[in-house]
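One chain is shown next in structure tokens, namely the form predicted alone.
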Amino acid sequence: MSDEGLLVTGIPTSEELARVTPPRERREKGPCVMIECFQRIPCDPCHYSCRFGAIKEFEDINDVPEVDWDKCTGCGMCIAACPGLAIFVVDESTGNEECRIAMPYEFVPLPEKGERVRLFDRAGTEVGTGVVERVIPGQKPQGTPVVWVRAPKELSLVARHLAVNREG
């Protein structure tokens, strides 16, 4: 991944990602949020969607979200609330070989539980496959569907999009 910068490439740098990545010990305890929101913009639905106070209150609506990982339950409510599709949940507590990743998905048809999907990184490069564990349809009028995928553990901080393997 290039470290030229988000504004140049559209892809966050390793330094930007390091600032928002939950500590390994926390990821191994259970699901926790990873908010990949790096720009100061007027947006705060993630804070209001969190019933547990894990996404700290903003002093200014333009603030970048901050997470108290000790309060995060990994419920994923903030994923559906984020209009920028910048929130994911990672869970490395499922064993030595696999992880779970929850990600927003705005395409139709939605994948189905048990379906094998292709996984992609932030640059759109295919990085592996996973199996859909759960699909939570978005609530109208707002709310993005959230797809939970079981994948190889090394993809927990890499896979950020999926594609279904259906033909026409």
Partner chain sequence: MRKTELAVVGAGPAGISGALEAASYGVKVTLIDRGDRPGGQLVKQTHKFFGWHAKGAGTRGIVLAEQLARHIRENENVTFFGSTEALGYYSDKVLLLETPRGIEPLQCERLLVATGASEKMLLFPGNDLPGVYGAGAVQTLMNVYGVRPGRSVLMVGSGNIGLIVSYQLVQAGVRVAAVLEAMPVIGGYAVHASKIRRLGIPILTGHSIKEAYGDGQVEGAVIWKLDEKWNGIPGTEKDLKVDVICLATGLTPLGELLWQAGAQMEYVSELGGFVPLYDENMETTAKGVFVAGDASGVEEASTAMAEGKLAGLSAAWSLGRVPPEEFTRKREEIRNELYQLRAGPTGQKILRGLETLSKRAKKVTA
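Positions refer to the first chain, counted from 1. Owing to the predicted nature of the structure, the values given are computational and were not obtained by experimental measurement.
Although it is not shown, the form predicted in complex with the partner chain is what the next lines describe.
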### Message
I'd like to check something about Val164: if you look in the model of the complex, is any of its heavy atoms closer than or equal to 4.5 Å to a heavy atom of the partner chain?
### Response
no
### Query
Heavy atoms within 4.5 Å of the partner chain in the model of the complex: does Arg122 have any?
yes
### Message
Just checking whether Ala80 would be counted as a contact of the partner chain in the model of the complex - the rule being heavy atoms within 4.5 angstroms.
### Response
yes
### Message
Since only the chain is shown here, I'm wondering whether Cys75 would be in contact with the partner chain in the model of the complex (any heavy atom pair within 4.5 Å).
### Response
no
## Note on the structure
For the partner chain in the model of the complex, the stretch among 24 to 32, 110 to 118, 54 to 62, 128 to 136 with residues bearing a heavy atom within 4.5 Å is 54 to 62
### Query
Which of the residues spanning 82 to 99 lie within 4.5 Å of the partner chain in the model of the complex, based on heavy atoms?
Pro83, Gly84, Leu85, Ala86, Phe88
